[in-house]
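Before any questions on binding or motion, here is one chain by itself as structure tokens, the form predicted alone.
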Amino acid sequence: MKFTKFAGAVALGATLVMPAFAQDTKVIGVSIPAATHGWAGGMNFHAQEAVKRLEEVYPELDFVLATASDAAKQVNDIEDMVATRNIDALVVLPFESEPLTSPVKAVADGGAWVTVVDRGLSIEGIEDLYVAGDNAGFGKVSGEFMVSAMPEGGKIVAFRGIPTSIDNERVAGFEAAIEGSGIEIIGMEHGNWNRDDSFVVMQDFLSKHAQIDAVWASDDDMAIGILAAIEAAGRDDIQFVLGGAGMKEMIARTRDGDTMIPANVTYPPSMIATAIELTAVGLTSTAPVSGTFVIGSVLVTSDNAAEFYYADSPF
């Protein structure tokens, strides 16, 4: 996995806020959404694997992992971690930004280290460490592949995720990358990172447009729904579908030379493991880990797909 740290994001000269003492047992709480879709399933897998491994590496640390199917449950989980386990650090991937901001701030105000993952809080500066994928880079890498795969240009449809700042960054990066290339976006709709919603949206696109050269799915769950709609309609004009996030089913198809899935763009759910590990380092050493850690998006093709295939992952 390739990781990109933005220059200046990690303050190399900073003094660690929370010095560790080997004789003390410190508790790291990990609060994440439940496996409600493919990417979240992969994120849960990597969180569990990281906790299992780090418990062996750091005998002076205890971990408590909780998953939530909605924001209210996640708030309760975090409050319970504070009340019953007196956590020294919290690693949190917010189910939603707004309802999690106040309870996470309360954890930080209580003196615990806070690491926020992927979805930022609605108030900046609460967390000590922010770990996320490069959403603008995700869109840029996707657009650059589209341009290379369609040198003569063409007509495409594009799928957005759930209306969020993350989605806006991806789309802006994509549009900037294809500007002036001759690629025309003839339709763009929200598929909500959901295969069923994307199936319906793609059916609508297919009924409206007699010619579609390619699809930017921007997500593998959405790509599966799109491919099903194309197959059901019997359309053969669409050259390929470009998803993203590295679902193992899609990575395997790219690895095996499926012309409909010639590439993928990483947005690794394993970023949760990076966040947990950096937090553990912060609690057990004097290594500075505060700041922002951004994991770069990588183009996956048949040449390197084997490197990104995780057989044991549910995603």
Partner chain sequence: MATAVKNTHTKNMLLDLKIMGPILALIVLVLVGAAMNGNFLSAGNISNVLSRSAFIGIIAVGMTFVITAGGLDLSVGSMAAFIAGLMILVMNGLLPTMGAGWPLVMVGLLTAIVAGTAAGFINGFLITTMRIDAFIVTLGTMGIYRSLVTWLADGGTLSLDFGMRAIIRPIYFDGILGISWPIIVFALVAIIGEVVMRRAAFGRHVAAVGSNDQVARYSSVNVNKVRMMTYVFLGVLVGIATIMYVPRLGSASSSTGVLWELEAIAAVIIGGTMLKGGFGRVWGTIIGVLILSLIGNILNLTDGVSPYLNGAVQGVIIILAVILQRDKKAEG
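Quick caveat, the model's predicted, so the values are computed rather than measured. Residue numbers count along the first chain shown, from 1.
Form predicted in complex with its partner chain: not shown, discussed below.
Chemist: Give me the residue from Ala158, Ala132, Val201, Ala112 that has a heavy atom within 4.5 Å of its partner chain in the model of the complex.
Modeler: Selected option: Val201.
Chemist: State the residue from Ala83, Ala232, Ala176, Ala72 whose non-hydrogen atoms include one within 4.5 Å of its partner chain in the model of the complex.
Modeler: Answer to the contact question: Ala232.
Chemist: Find out whether any non-hydrogen atom of Asn168 is located within 4.5 angstroms of its partner chain in the model of the complex, and reply yes or no.
Modeler: Within the cut-off, so yes.
Chemist: Considering non-hydrogen atoms and a 4.5 Å limit, does its partner chain approach Leu65 in the model of the complex?
Modeler: So Leu65 does not count as contacting its partner chain.
Chemist: I'd like to check something about Arg119: if you look in the model of the complex, is any of its heavy atoms closer than or equal to 4.5 Å to a heavy atom of its partner chain?
Modeler: Residue-level check for Arg119: no, no contact with its partner chain.
Chemist: Please determine whether Ser148 contacts its partner chain in the model of the complex, using a 4.5 Å cut-off between heavy atoms.
Modeler: No.
Chemist: In the model of the complex, does each of Thr266, Ala273 and Asn304 have a heavy atom within 4.5 Å of its partner chain?
Modeler: No residue of the spot touches its partner chain in the model of the complex.
Chemist: Quick one: which of 236-244, 150-158, 206-214, 72-80 gets within 4.5 Å of its partner chain in the model of the complex, going by heavy atoms?
Modeler: Answer to the contact question: 206-214.
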